[in-house]
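Only one chain is shown below, in structure tokens, and it's the form predicted on its own.
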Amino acid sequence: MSKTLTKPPLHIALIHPDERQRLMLNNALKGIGATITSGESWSSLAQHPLRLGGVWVLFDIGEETFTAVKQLRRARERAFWGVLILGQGEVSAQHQLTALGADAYLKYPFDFNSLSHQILSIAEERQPISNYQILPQQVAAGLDKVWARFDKLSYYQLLELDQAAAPHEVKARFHQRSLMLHPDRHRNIKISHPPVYNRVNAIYKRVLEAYQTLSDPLKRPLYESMLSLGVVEWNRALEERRKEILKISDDVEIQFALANVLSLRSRGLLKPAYELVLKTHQREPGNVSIKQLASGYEVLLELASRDPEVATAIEQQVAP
């Protein structure tokens, strides 16, 4: 890997309704070595093929600016496009735009040094790793692919594993990823290319989190129970659910079973879930919490089975 600082070319799409202001901003930004495409409105540049790692500089004109930010963040390449808003909006509007995905809001009046600094900082954070050409092309492309969907990838997708993957497969895939991503392997770019190092480190931490969750026989089924709801990371709610299960019984096997009950229910497998609850109740017949859980599932099954078609489907359900 090269230790020489390399910076990818910078591309800016500048949107401002006033031609004089656009010209002034264009001239001011030439000093940072950027190629600039400008227009009076978002719609005039909506199809502009801004290169990945580029920065959209949008003058805040209200609803169209909100639309622009929404569209940019919906795009497949959203993780690699910077968005800087210039304007005089109220604090509430500024917060709404940053919540939608704008990287920063620079309020008038500002000096051009502040503007240049903001653009360069955003561009540095948004550049695809591939643009830096400091990691092997295949590795960099793979990391960019992950980063583009980082907030949407489940642990299984992150490790490229099927949900039925055996524990030894989870362990093997984690070790494979660690050999490529561990921070110790990238110490030489920590100083020369901090944004690249930080991104690789963030991906490694998520991979480690995935391994710690999927290799834990109690955490894994609890995590799976929330996947259908769009939860892709271990969170506080899941941790609280884990603690609740630990309080129900000291028997490790029962704890695992109760976690699997939730996983089965999340997949619509009510009959196997109920049967598993009954087995745990037989194991600890005096456990009031499990007895109440069994009663709840019995009622749920009865209600669901009132529809003949649903009843037939439930009767055919078997545990995976």
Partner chain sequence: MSDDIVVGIDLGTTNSCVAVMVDSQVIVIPDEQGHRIQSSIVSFIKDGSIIIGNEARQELVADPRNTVFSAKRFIGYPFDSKESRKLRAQLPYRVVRGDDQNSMIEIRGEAYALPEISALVLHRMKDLAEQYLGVEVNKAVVTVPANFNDSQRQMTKLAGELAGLEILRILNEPTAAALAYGYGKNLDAKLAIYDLGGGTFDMTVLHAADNVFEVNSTAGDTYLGGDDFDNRLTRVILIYLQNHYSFNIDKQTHLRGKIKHIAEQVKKGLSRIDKFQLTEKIRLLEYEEPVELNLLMSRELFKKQCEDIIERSFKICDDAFSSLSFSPKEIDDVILVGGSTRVPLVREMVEKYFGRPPRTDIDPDEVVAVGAAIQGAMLGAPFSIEQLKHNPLLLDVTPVSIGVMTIQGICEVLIKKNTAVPCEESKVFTTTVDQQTEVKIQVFQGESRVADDNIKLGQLELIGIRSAPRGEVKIEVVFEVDTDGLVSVRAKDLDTGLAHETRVKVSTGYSEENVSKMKDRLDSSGLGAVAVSPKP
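The shown structure was predicted, so the numbers you read here are calculated from the model rather than taken from an experiment. Residue numbers count along the first chain shown, from 1. For clarity, a rigid core is taken as the largest C-alpha set superposing within 1.5 Å between two forms.
One more form of this protein exists, namely the form predicted in complex with the partner chain; it is left out here, but the text below deals with it.
Colleague: Just one of Leu179, Ala164, Ala237, Ala75 has a heavy atom within 4.5 angstroms of the partner chain in the predicted complex, so which one?
Modeller: Selected residue: Leu179.
Colleague: Work out which of Val231, Ile248, Ala172, Ala93 lies within 4.5 Å of the partner chain in the predicted complex, going by heavy atoms.
Modeller: The residue from Val231, Ile248, Ala172, Ala93 that makes the contact is Ala172.
Colleague: Kindly confirm or deny that Thr67, Ile119 and Tyr155 each have some heavy atom within 4.5 angstroms of the partner chain in the predicted complex.
Modeller: No.
Colleague: Which of 82-90, 197-205, 221-229, 107-115 has heavy atoms within 4.5 Å of the partner chain in the predicted complex?
Modeller: Stretch 197-205 is the one.
Colleague: Is Glu244 a contact residue for the partner chain in the predicted complex, using a 4.5 Å heavy atom cut-off?
Modeller: No, Glu244 is distant from the partner.
Colleague: According to a 4.5 angstroms non-hydrogen atom cut-off, is Leu135 in contact with the partner chain in the predicted complex?
Modeller: Yes - in the predicted complex, heavy atoms of Leu135 and the partner chain come within 4.5 Å of each other.
Colleague: Whether Arg126 contacts the partner chain in the predicted complex should be assessed with a 4.5 Å heavy atom distance threshold; does it?
Modeller: Arg126: no contact with the partner chain in the predicted complex.
Colleague: Taking any heavy atom pair closer than or equal to 4.5 Å as contact, tell me whether Arg149 reaches the partner chain in the predicted complex.
Modeller: Taking the distances in the predicted complex, the answer for Arg149 is no, it never comes within 4.5 Å of the partner chain.
Colleague: Since the partner is left out here, which residues of 180-211 would have a heavy atom within 4.5 Å of the partner chain in the predicted complex?
Modeller: Heavy-atom contacts to the partner chain in the predicted complex: Met180, His182, Pro183, Asp184, Arg185, His186, Arg187, Asn188, Asn201, Tyr204, Lys205, Leu208, Tyr211.
Colleague: Taking the rigid core as the superposition reference, indicate whether the CA of Gln118 shifts 2 angstroms or more between the shown form and the other one.
Modeller: Shift of 2 Å or more: yes.
Colleague: Relative to the superposed rigid core, does the CA atom of Phe80 travel 2 Å or more between the shown form and the other one?
Modeller: No, the C-alpha moves less than 2 Å.
Colleague: Align on the rigid core first; then say whether the Cα of Tyr132 has moved by at least 2 Å between the shown form and the other one.
Modeller: Comparing the forms between the shown form and the other one, which are aligned on their rigid core, Tyr132 does not shift its C-alpha by 2 Å or more.
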